[in-house]
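Next up: just one chain, as structure tokens, the form predicted alone.
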């Protein structure tokens, strides 16, 4: 019998997990976010999307970012990608300030962003070609990345001929083709059905395991965050601030069977407490008048 989540201390780590985190923190810091603030002007006054956000991501770490709606997750990742500029603070990649987009950061969005007029192979080749690499070498590399994501037989297909999961695998291959230091993923599996999503999570863990790549992954799915990540950055909303950074106590390698393990359940319970604190749960009740007859109850 699994004990109730609120009776388990999610901070408790096995010796194996503790050793993994000790080793993680000995690695170089790839991404450093220091006192990051983002303010958007509006007609009704300034809106602070992010306030004094601080965290570090280590080499080959898999970090997920999660939080309630409006906490600034997508704003954060767009700043890290160089698609937005911060109001204050600093973002450093390998100690160098981020100033605009660059090949050192790969980006995968939730929406399918492949060029529809290009084949799978041409999409993967696009970045290296724009960087001035020779065609022959670029094509050979593209085939390797396409093989890595299991789509070799579709290299001459166009995006409209692919399923949603296949399109996202191509998007991952295209992002990796530039050999970035960090892969930034903004809810990349959010539009997929549950079965395809689980498959894509498995693919991503296999890719991460076999490549020298660091991943920062935005999600709103608690199970996904725990299943994938080493650590989870939980943001508060309005404004977006760091609430807690959770070291996931679930051992690796991960499997779907772990979803019912006490460590998994306790971690999910803790994240849910942070995102939906007890003081706010009454706000989920709608002021809806009864429009059925007395006695016609469904619960």
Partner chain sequence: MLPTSPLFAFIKMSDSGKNARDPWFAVRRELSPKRATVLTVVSFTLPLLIWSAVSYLPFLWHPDIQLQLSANRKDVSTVYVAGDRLSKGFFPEFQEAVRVQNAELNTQLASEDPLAGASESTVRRANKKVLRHLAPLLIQNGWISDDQSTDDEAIYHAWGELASGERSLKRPSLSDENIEIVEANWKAMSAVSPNYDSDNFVSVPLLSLVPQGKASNPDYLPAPDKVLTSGIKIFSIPAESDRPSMLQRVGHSLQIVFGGFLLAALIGVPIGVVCGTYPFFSRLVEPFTDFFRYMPAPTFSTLLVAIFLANDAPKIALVFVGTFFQLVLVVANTTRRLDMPLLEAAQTLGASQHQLLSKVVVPGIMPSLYDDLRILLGWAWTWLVIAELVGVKSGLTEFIETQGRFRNFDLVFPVIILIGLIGFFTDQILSLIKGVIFPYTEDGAKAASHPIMKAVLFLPRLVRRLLGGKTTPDAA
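Every value quoted in this text rests on a predicted model; they were computed, and no experiment measured them. Numbering follows the first chain given and starts at 1.
Omitted from view is the form predicted in complex with its partner chain, to which the following refers.
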task: Consider residue 98 of the chain shown here, and say whether it contacts its partner chain in the predicted bound form, taking contact as heavy atoms within 4.5 Å.
output: no
query: Going by a heavy atom distance of 4.5 Å, is residue 228 a contact of its partner chain in the predicted bound form?
result: no
task: Decide whether residue 127 counts as a contact residue for its partner chain in the predicted bound form under a heavy atom distance cut-off of 4.5 Å.
output: yes
Proximity of residue 154 to its partner chain in the predicted bound form, heavy atoms at 4.5 Å: yes
task: Scan 196, 87, 74, 178 and let me know which has any heavy atom within 4.5 Å of its partner chain in the predicted bound form.
output: 178
- prompt: So which of 162, 91, 213, 205 gets a non-hydrogen atom within 4.5 Å of its partner chain in the predicted bound form?
  reply: 162
- line: Per contact check vs its partner chain in the predicted bound form (non-hydrogen atom within 4.5 angstroms), the hit among 219-227, 134-142, 197-205, 76-84 is 76-84
query: Can you tell me which residues in 89-115 come within 4.5 angstroms of its partner chain in the predicted bound form, by heavy atoms?
result: 101, 102, 103, 105, 107, 109, 111, 113, 114, 115
